[in-house]
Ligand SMILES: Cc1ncc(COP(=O)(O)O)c(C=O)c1O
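Before any questions on how it binds or moves, here is one chain, the form predicted alone, in structure tokens.
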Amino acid sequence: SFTSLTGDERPSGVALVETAGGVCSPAPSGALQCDVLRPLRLPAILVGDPKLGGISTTIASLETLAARGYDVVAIVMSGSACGNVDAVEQYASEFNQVGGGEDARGIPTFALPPVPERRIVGDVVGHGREIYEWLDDGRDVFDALLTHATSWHRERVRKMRTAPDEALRTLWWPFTQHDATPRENVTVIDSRCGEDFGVYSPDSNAIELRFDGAASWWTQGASKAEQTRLVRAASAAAGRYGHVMFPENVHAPALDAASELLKGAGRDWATRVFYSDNGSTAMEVAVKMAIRTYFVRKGFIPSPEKASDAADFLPQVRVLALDGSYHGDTLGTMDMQAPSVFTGPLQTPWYKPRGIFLRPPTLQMREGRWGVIQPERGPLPGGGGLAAVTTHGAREREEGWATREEAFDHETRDETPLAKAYRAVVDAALDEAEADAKENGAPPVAALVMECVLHGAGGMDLIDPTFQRATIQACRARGLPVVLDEVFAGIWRLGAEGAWELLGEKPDVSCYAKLFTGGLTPLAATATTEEVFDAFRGPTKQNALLHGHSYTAYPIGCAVAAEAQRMYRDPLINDNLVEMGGGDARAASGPLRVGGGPLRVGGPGPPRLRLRELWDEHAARAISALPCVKGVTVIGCVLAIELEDSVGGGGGGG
């Protein structure tokens, strides 16, 4: 038992779960036995094959178990004339397992005497005594195997019991106040399978399955059955490439992932993909791209040949952005964000906001109806614009809509007085910025930068899509590049492959991460138009985009990203897909319902794939009517419930 081997005064014993057939033999469900038993993550004793061909069978089984995260405690084999034991023992002695520290190198092989054949004299089957003799001959081996397995298990439990102490002594967690984290709050995660963690419970002294409610911080996109495909893609790329540097080189996974992104979230607008390692870096790159594009559009760089001459005369610039957005923790992205707990002097003493930050209106379900909530101090930085949006937005605030579909009906809402008031507010902000630049030498606005549709880390605020559309249109009319941060919202999070599709407005640059790789490997991508790419052309390297890191486009991450995107988009794998304006992508059910009806986005064209809503809007409506609930946001895979709480705070400081 799990507890008795640790010295607890309880009945002792060892439970053996014997499988039928080999590691990959099918269970009654048709799934492989190694996959069926994987959630339990039982330690494995692999019984090797002593026959001809058994070396390959045994080693293949060992690799299969290791690839699925099993701990192989030992290999046991009976002897034979084929020499299998020696060959397997040599291979296993150099086999490394994950998480075992210094003890992880090598798996012991236990050799039993050859299994005797049952004696048959004529037509008479023998009494079978020979098998008892074999067991007696192998007693010392069985005893040694049991002693080793018992010792291994005790060490496993010891490591899990002491892991919180070692973590508190050696680790530095992000977004965590260690002085407010007692030992009992440290969760020891032994493994993950599907949507569950295998968590060590010191109370029960057992591994318990716990649902991962944060989707491992918003990265998980593949079901348990499909996670194996991602692991296989990573393993194949690791075996084939390891890692290779990227500048002026190309490999199949990089092309594959880029192709999938360009025909997915970048469909109909993007032509180029730049790889980086995380969403914050992707945004750093995006803003560099946008600023160079602005310089070219506005004539600061008249031609590639004259870029070097113009470099000394290029102005400092700023961006138009939204208050409450969060683009990452790197220095440049911090400066693109309004003052917050993330940018305060305790966190970023050198923070210098380089933007005009509009306060956006939000869309939320309250007491069963969707409505627009205007910012209390008005959308403009100085507090202006409140009267206009409040007056013209009375209907959207007081009456609202029964469904979210109506709030995203751009064709209807673009003609409302509130939409025109939004445009006037944004134009006023840009007019003031232009005047300030002309009269006072202030940095001009060079780009629009905003999280698309939903502010994630800032509090799960659904931004009024009509406001974001008006902002994009106003900036585009002035020749300002549009940068969308889809690190959180993109890759199907909100029901569409590209979150920009829900706005019906295409960006010049957009960033993807998190769901990009299905939650297995860290990788980000910045997708751009050809115009943005052309802004970096020129006769010298100085014209190029001088940004990157050693692991840019590392093959393992790219291979996983390509496979994840295909899986999301394949109706034979993802039964949550539906076609816009049609039926199930597998022709099995009705149209996608978003707030009571099909969500109309964009213009005419081929049918678009969408995800079914993960959350039932009728249930969300009932929740929104509870007296303790201030409002509910539900879209795609996201459900956010704002409680009536006088403390508040939201975001990372809450």
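Start at 1 and count along the sequence shown; that's the residue number. Source: prediction; values computed, not measured.
In what follows, reference is made to the form predicted in complex with the ligand, a form of this protein that is not presented.
- Residue in contact with the ligand in the predicted bound form (any heavy atom within 4.5 Å), chosen from Y91, Y551, W218, W269: W218.
- Taking G498, G557, P481, G279 one by one, only a single residue has any non-hydrogen atom within 4.5 Å of the ligand in the predicted bound form, and it is G279.
- Residues within 4.5 angstroms of the ligand in the predicted bound form, judged by any non-hydrogen atom, belong to 326-334 and to none of the other stretches in 254-262, 78-86, 326-334, 194-202.
- At the 4.5 Å threshold, heavy atoms of F488 reach the ligand in the predicted bound form.
- Contact check for K514: a heavy atom falls within 4.5 Å of the ligand in the predicted bound form.
- Although the partner is absent here, E451 is a contact residue: one of its heavy atoms lies within 4.5 angstroms of the ligand in the predicted bound form.
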